[in-house]
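Starting off, we have a lone chain in the form predicted on its own, written out as structure tokens.
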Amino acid sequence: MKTSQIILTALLCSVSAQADWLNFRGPHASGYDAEATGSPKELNEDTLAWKAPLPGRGLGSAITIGDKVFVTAASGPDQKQLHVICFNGADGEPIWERRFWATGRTMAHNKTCVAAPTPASDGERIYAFYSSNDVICLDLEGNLIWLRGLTLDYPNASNSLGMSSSPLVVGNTLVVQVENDSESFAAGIDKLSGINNWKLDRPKTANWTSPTTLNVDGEEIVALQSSEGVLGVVPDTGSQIFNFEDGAATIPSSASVGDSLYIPSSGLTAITVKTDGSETVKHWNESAQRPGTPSPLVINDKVFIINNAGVLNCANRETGERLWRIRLERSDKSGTPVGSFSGSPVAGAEGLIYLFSEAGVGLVIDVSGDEGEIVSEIELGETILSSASLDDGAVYIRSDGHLWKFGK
């Protein structure tokens, strides 16, 4: 083999091993990354690589690009100071921080905050979105590319509890859901200019779900969930592809695999979008598989949901039949629950689910066998309302006060 071929092969291997986590719940915004390998089986002091203090509150997860980790936060008495922070993934040292003033409303329920949405990226730029309806586009060095205060264009777009839908970059478009009980809409924003490519009126109901993507005949379709159901649109134009009209939850989001979507609707409903995108086929509905706040997770041939009682249910992906369930409780077998869950489960290739409770208890659940098993537990001692992120053999989680890295 020629030297140039060896170098190229090494570069390709390096790139393939680095699976960036670019938005809420990773690939397709669904929580499962089949390329994420080497994540720690145990969360403890030995696997804690570092923790870094954060300047304000936030519910949004971390996103990763190469050796950099990005999170948002909001600070000040009225949470009007908006932060975007970049950390070195190797040692947790801050590389840069940018601050902006909110241009929209910053009112939010005490449990949530202005920095509730997870930022998104196309691998070259960061798109930070806040409950104040401010959208900020930065390059990876922290240089401002554009900023939009959506409240200036749509002054009634807000609700009294705060909004938390996370944006998604699909092709050349940044998709945002600004859904509330007043001026409710979804928009496709040109990722380079910040100008609307399209805007759709949406149901006037408070909605905290985030968009998901499906792959229909090789084309990425964005699924917008609301209390009325799920609307599938072309990301660059907003053109409607399908419309599931049986209603859906307004807190847990859907999860996708290929052209299939698992919707929190009357429990859990599995649909497939026909190849031509003209309609959907409902495969099953299980009223007993009702997600609480966390979104469902699909791993290979199984689907997982966490209900409001703190029970992890595993069902057959093809039929919806429950295979097993376990109560998420202390590993000492005392039966003490670990608390409520606001964050959603995520998993990598090894069949390990990572989940953190509101009380700051982190769990690793091995679901690779016939039954689920809690194999690790750690108490971080801080409130956690966000979902974990996976990248390059590491698990990232943000609490109210810190960003934590476990693994390499």
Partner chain sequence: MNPVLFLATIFVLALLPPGKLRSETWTGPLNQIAKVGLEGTGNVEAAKAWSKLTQQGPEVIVPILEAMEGAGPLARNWMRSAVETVFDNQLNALKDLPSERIKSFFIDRTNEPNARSLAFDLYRRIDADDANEVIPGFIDDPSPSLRREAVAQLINKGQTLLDEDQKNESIKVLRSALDAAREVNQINDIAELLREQLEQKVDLPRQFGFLMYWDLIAPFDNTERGGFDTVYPPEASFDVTGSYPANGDKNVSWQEYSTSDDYGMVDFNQLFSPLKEVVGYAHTEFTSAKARDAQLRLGCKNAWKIWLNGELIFGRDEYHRGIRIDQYILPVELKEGKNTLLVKACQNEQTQDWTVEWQFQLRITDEAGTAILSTDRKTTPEANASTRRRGE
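Numbering follows the first chain given and starts at 1. Treat the numbers as computed from the prediction; the structure is a model and nothing was measured.
Form predicted in complex with its partner chain: not shown, discussed below.
Taking a 4.5 Å heavy atom cutoff to its partner chain in the predicted complex, the contact residue among 281, 288, 90, 144 is 144.
A single residue from the set 203, 229, 267, 149 has any heavy atom within 4.5 angstroms of its partner chain in the predicted complex; that residue is 149. With the partner left out here, its partner chain still marks one of 302-310, 238-246, 251-259, 98-106 in the predicted complex; by a 4.5 Å heavy atom cut-off that stretch is 98-106. In the predicted complex, none of the heavy atoms of residue 123 sits within 4.5 Å of a heavy atom of its partner chain. Its partner chain in the predicted complex is not approached by residue 216, whose heavy atoms all lie more than 4.5 angstroms from it. Not displayed here, its partner chain is kept clear of residue 337 by more than 4.5 Å at the level of heavy atoms in the predicted complex. Residue contact with its partner chain in the predicted complex: residue 234 places no heavy atom within 4.5 Å of it. Looking at 187-202, the residues that come within 4.5 Å of its partner chain in the predicted complex, counting any heavy atom, are 193, 194, 195, 196.
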